[in-house]
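Quick setup: the structure tokens below cover two forms of a single protein chain, split into structure 1 and structure 2.
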Structure 1
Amino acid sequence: MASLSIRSVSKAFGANKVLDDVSAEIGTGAFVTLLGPSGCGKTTLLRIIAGLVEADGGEILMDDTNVTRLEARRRGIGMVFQSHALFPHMTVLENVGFGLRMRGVPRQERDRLASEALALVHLRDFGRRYPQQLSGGQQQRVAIARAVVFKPRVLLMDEPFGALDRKLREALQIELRRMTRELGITTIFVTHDQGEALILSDRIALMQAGRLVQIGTPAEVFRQPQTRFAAEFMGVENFFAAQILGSDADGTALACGAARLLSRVQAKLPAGGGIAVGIRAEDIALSDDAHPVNGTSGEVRDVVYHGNTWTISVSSAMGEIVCTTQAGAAANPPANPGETVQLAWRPDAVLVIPDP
């Protein structure tokens, strides 16, 4: 119910620069996931948006109102803390109802709304328990219910699904997405899980060492990572240094050592520039074609079984290449160590990374 502008926010703890000129515009009702390695400043950014930490520089705007100096309690932001921060002396129902209580909602109405919120996170019958009587995942869900029950304008969630098993996680992802859409709550969701980010978000923001390195739709971030870090974080395993030979409407021709590659991506970069290409392991296949458009051959080093897939490491002229192939019902490995194999990939699998 509010748009959020983060403008040139920076923060240092002593000499440790934790946030460095972070800016983002988040539209009303948008769902943004914040992805980044541990210690890159995600929690700090959320705390600044919530008003719990003062930034050294920059501004936070909600619906074009500058809230940089506004107290946390007046911002109307729901926050799910990484460590839950449930009140140990209150029952689950009292915990969830706390925000409503502070807003003067009468007891009965409060309990009704809190019960509804608990039902949303599949904890309908847990209202009378104390937080210490719940499992980690249950506590996490109570924290979510507590943050959404008063219909905040902005919802900040710091790895809220970390302790949940996959089934519950997926159920809650759908529930959360539905709820924030219905209520139009602008959400920032921190996660380490790129799969979760892809499913949930309108946009993904990738963070590295206190900087936002890329922000875009899931497809953009997945198909067009702008830096090697972004590509790695989005699950790209194979990287090669390359030179742009030329680019036209069909795509880009690249030289990767002696090998020639064709990419569907139009590199908006001058010919001759040094870039990197990235190829996902699952986009590389073993091929019978001796001269594919894109491909190379090499000697199999290692074959690992993953249940659904095989991971094959190949030592080729382009360097070490990892590829995964569907295992299907076959119990036999698709190749054996020492064997020479031909690898091939489609032009649209070749990601052009401008900033290696």
Structure 2
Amino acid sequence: MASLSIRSVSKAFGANKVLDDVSAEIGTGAFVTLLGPSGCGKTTLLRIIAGLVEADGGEILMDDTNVTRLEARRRGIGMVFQSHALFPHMTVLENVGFGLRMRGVPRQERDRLASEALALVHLRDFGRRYPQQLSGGQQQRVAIARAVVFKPRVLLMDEPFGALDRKLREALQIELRRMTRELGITTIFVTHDQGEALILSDRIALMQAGRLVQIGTPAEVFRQPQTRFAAEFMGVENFFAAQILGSDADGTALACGAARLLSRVQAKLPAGGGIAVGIRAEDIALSDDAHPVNGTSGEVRDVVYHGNTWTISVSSAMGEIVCTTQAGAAANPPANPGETVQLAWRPDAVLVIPDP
């Protein structure tokens, strides 16, 4: 296992700047997810760490050793891609042991190590089978076993579950979380799925247009987005322009038109300044009573049933508001189009977004 330092890494392909001065520190044994939309540069950064792509500028350090110019095969890195890339003419055991074979490990020893790696992914009894005899999920487990069998210093994974169905993907996410923590492998995982990032990660590095816009624990990135982009990407549905009335250690008082809001976040702007606020749909509740602070009324425009939840769109003086309520066993909607409803939310649900 190794710590990893990414220092001012930049990369362009022609006129297209893919990475722009990206820096991050990743501790030994940490699971860090590079999260962002397609084209934001996360896969290019992963390939630069692996030594498969050369950076235009910046450095990659592993345990304080500069590996920026070190060829890929000498970095001690394991890699897993969305494509399993298993050899069809080799057994599962031979596939897992292939890297050991290339390193000159004797047959008996590499079979033992390959069997141990297969046991980690719950496939010990599948060693004599061939890849075509396995399901997609089993093939991906074999690919993971192959990547960890030689005890890599760092494990890199590029959307390894992207081609799997939802149920299998969720099962493998839990397995991967267990295995990487059991082995203590420093892991960098690429995905565009924020739910996957929240489940797996110790820290999330959120990328936008080649830049690292926020890095923190899953709870920090989810609950304390630092930009409008971060808030939107992490699932905040409701945004409002607000004016700061005052801020102290208890939080920030805001005006959104005639509505009054209180946030637990202490704004770093003076009274009178404008700022954006966000509220998650699941943090807004239908209320029996009017709330003079952190509440508003409005007319229901639409109600959508999702099975476990109802999504309700409300036209209010603050603007269009979307809220989500639990459906439970009830088949009837909590409100109907045309009805007037009261909405309310807690102070800790009001996200103050520092940057646009």
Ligand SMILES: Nc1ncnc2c1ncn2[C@@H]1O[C@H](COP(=O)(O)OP(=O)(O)OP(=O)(O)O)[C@@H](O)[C@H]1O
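Fair warning: this is a prediction, and the values are worked out from it, not measured in the lab. Residue 1 is the first residue of structure 1, and the numbers go on in sequence order from there. For clarity, a rigid core is taken as the largest C-alpha set superposing within 1.5 Å between two forms.
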- Just one question: which structure is the form predicted alone? 2
- Item | Y130 C-alpha shift between structure 1 and structure 2 of 2 Å or more, rigid core reference | yes
- After a core superposition, would you say R169 shifts its C-alpha by at least 2 Å between structure 1 and structure 2? yes
- Message: So that I can tell if I188 moves, could you say whether its C-alpha shifts by at least 2 Å between structure 1 and structure 2 after the core superposition?
- Response: no
- Message: Relative to the superposed core, report the C-alpha shift of L118 between structure 1 and structure 2 in angstrom.
- Response: 3.2
